[in-house]
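A single chain, nothing else alongside it, follows as structure tokens in the form predicted on its own.
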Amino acid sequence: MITDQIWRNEEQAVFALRALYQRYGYVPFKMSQFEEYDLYVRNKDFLVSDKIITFSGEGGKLMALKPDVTLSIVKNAPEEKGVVQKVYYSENVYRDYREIMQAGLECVGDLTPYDIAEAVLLAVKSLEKLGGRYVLDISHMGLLAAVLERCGFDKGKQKQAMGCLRQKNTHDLKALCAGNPEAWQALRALSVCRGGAEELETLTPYLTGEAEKRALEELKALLGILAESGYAEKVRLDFSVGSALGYYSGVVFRGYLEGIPESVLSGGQYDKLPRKMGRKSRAIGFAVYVDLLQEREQEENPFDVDTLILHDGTVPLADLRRAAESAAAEGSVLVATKAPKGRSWKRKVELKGGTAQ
């Protein structure tokens, strides 16, 4: 079964993710390798990196190698009451002067609570498809923003508080709340909240504003759906998961795989981006950083190939085929007459006249 297998390369992972998204009615989105630079300049606050590779296009128009896929999807999404566009993609993006392979999905339009829950559920299922042990950390930017606003923090303090929450730095967070015990109690409760849905009850006494209560109910409903789907043990609350307040507006999440030190999946609800682009749509999506899977593969198997079969050119073809098929049943195999330079192998078999040495 796919869920019992750890995918060994990027192509297999992308294939499995595409199949998953198609089963839920998502359609492929394909974009050009480049986009008008102006699109990224006008929305640079929503980009992960501001290091964009540019060049002059036809007629002198400044173009850019795409550093992002989401902006193009939102720009081209139709706006109609009751209509939601659900697309998935697998694209190379160019960020920090590197080519990065990522896959993911975006759900844009007149979103319902189901659409949001489905996107988060697909994030968990994506981690499951990639194999191995995994966890999805969940937070809610709308809740955090409402608490910070009620605390009376200006934009500077809000940014500092978000930094403390991301770093789980309760010492500096307490200093930031000096003279404001109500703010400290609420932010401390958020900073130490980590675990399953039951942890939400510990927050109830500290979330007194209407916007905070609504966000809390959204989280409860979402975690309930994930639990009913059998993923209660794979999801945990963690309010250190967050981003700039100007981007995400609702639930946010990051996914981790055992053996990889950084998140391989990230996403959330980002209604503020369509609004900034003059649209009425709401949106949620996530990206899977497929290139990071190579780190796990290298850690699990530091060799380029499991078995190297060397032959002297006199071995009958049928014998070589049998030896190769036998080795391939146990792992990867390379057949050659000479050991290749720059390659490594776990096991070497030498065949001469059909006899293993």
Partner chain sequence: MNNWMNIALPKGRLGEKAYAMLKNSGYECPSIEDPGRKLIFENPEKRVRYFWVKPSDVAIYVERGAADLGIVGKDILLEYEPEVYELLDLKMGKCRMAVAGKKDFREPVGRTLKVATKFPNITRNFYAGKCRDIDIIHLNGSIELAPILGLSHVIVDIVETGTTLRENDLMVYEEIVPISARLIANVSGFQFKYEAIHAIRESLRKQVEEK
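The structure presented is a predicted model; accordingly, all values stated were derived computationally and were not measured. Residue numbers count along the first chain shown, from 1.
The same protein also has a form predicted in complex with the partner chain, omitted here; what follows describes it.
Student: Is every one of 72, 106 and 288 in contact with the partner chain in the model of the complex, taking contact as a heavy atom within 4.5 Å?
Tutor: The answer is no: none of the three residues contacts the partner (heavy atom, 4.5 Å cut-off).
Student: What is the one choice in 249, 102, 266, 240 with a heavy atom within 4.5 Å of the partner chain in the model of the complex?
Tutor: By the 4.5 Å heavy-atom cutoff, the listed residue in contact is 240.
Student: Looking at 175, 277, 135, 200 here, can you tell me which has any non-hydrogen atom within 4.5 angstroms of the partner chain in the model of the complex?
Tutor: The option sitting close enough to the partner is 135.
Student: Should residue 81 be classed as touching the partner chain in the model of the complex when contacts are defined as heavy atoms within 4.5 Å?
Tutor: No, no contact at 4.5 Å.
Student: Is residue 76 close to the partner chain in the model of the complex, meaning a heavy atom pair under 4.5 Å apart or at it?
Tutor: No, residue 76 sits far enough from the partner chain in the model of the complex that none of its heavy atoms falls within 4.5 Å.
Student: Is there any non-hydrogen atom of residue 256 lying within 4.5 Å of the partner chain in the model of the complex?
Tutor: Because a heavy atom of residue 256 falls inside 4.5 Å of the partner chain in the model of the complex, the answer is yes.
Student: Hey, in the model of the complex, is residue 230 touching the partner chain, heavy atoms inside 4.5 Å?
Tutor: Residue-level check for residue 230: no, no contact with the partner chain.
Student: Determine which one of 167-175, 205-213, 148-156, 269-277 lies within 4.5 Å of the partner chain in the model of the complex, judging by heavy atom distances; exactly one does.
Tutor: Going through the listed ranges, the match is 167-175.
Student: Going through 258-288 from first to last, which residues have a non-hydrogen atom within 4.5 Å of the partner chain in the model of the complex?
Tutor: If the 4.5 Å heavy-atom criterion is applied to the partner chain in the model of the complex, 258-288 yields 258, 260, 261, 262.
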